[in-house]
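What follows is one chain in structure tokens, specifically the form predicted alone.
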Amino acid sequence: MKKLTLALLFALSICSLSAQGYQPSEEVRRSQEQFSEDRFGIFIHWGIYSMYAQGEWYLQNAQGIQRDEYAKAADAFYPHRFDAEKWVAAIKASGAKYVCFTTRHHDSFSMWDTAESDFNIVDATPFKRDVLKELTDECHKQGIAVHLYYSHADWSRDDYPRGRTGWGVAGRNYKLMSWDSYFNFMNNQITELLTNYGPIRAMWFDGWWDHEEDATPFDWHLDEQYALVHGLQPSCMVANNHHVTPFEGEDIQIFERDLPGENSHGLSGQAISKLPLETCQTMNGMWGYKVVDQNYKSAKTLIRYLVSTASKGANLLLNVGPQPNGELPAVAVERMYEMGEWMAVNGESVYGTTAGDIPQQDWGCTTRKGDRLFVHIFELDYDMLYLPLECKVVSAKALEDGKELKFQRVKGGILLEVGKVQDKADYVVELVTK
């Protein structure tokens, strides 16, 4: 595979536009609209770290580990049960509309046939298959949009400038550090990803925080890199999981492990922008496969988290960490199918909705689509529910079976006769308003 320097040079030639103030192209705006309609995607964290079964940060977290010893896992990485068709079928069955796949995580291992490094799934493993190609082809076939995760940080390469993490990784030669070399390496890889794998709806970056201002000040030259992305695929959006206010040239704002406006994990304290929003969350505890982490959230919890995310006007990107043999964990697949069963009945209260009129309450939350206000009831101790609404309610019905529900107009809103709501992940009531 030849290096795609012509495409790189072309994209970089338009980088000066970003300095004049970024304005999303019409193609990006259409992608943003489609993205906001989707509301639900599946995140895939998979690499040779799955061989150690200790999560995706194992190279960093295992104190004093040798980089070259860690890399030997590639020689035994043979995910013979990987089946792109089954993966995408499970993703589609969950009700998710897009997938975000980790092409290269912080350990530097590339999950595609890259010409920029031999440390990849085709050249360094006995598997010899380009799993990214198989997966993207299947996604395009089954109508699932593709987003690609790409790490800015790198714990293995000698030309990556030393950051806050990866200090304990033994075997790196920091004397060989060269930002120009590493920057060109990344952009050449990004060029491959946006040239050889069909339509990519978003590039999802991670690792900027490794050189954040309060640690080691650093210029990532993001304007050039974002221009590269937009130049190669004009409809491709840029997202960056940097945990701060969005930068010029970004098309999606990401929140990690928290809903927009919340910050229980200390990663999402930034202000909410006007960009399309996305919350990424794990199905269990880790992102990458960890053998002892079997604490999967229940389907009820996951459905409520998805709905709560939509009630904030945001998407949920829900993570699954595949096993080293290439299979999605059975529990994860079970949860995906359970979510899909609920979405098959109630999906219209999630897809294409905006934040509802009433913010999150102890009983649940709301979403809106045009003149339809969806009331999502999680827990209710009484048969009646007071809803403070300024709009006029014309009718009310249960979404699951179309049963008409009675309501009374009272001062400041309505009193909705719900009846007993028990053992349900989310009882959805549709109000037609005007």
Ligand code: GLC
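None of these values were measured; they are calculated from a predicted model. Residue numbers here begin at 1 and follow the sequence given.
As for the form predicted in complex with the named molecule, it is not shown, yet the points below apply to it.
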Open item on the list: Quick check for you: of 200-208, 351-359, 79-87, 326-334, which stretch puts a non-hydrogen atom within 4.5 Å of the named molecule in the predicted complex?
Closed with: 200-208
TODO: Assess the spot marked by His105, Tyr149 and Asn241: is the named molecule within 4.5 Å of a heavy atom from every one of these residues in the predicted complex?
DONE: yes
Open item on the list: So the named molecule isn't shown here. In the predicted complex, which residue out of Glu256, Glu116, Glu338, Glu138 has a non-hydrogen atom within 4.5 Å of it?
Closed with: Glu256
Task: the named molecule: the contacting residue among Phe35, Tyr70, Phe43, Phe374 in the predicted complex [heavy atom, 4.5 Å] - done: Phe43
TODO: Could you confirm whether Val307 comes within 4.5 Å of the named molecule in the predicted complex, counting heavy atoms only?
DONE: no
TODO: Examine Tyr52 and determine whether its closest non-hydrogen atom to the named molecule in the predicted complex is within 4.5 angstroms.
DONE: no
TODO: With heavy atoms only and a cut-off of 4.5 Å, decide whether Trp57 touches the named molecule in the predicted complex.
DONE: yes
Open item on the list: Is Trp287 part of the interface with the named molecule in the predicted complex - any heavy atom within 4.5 Å?
Closed with: yes
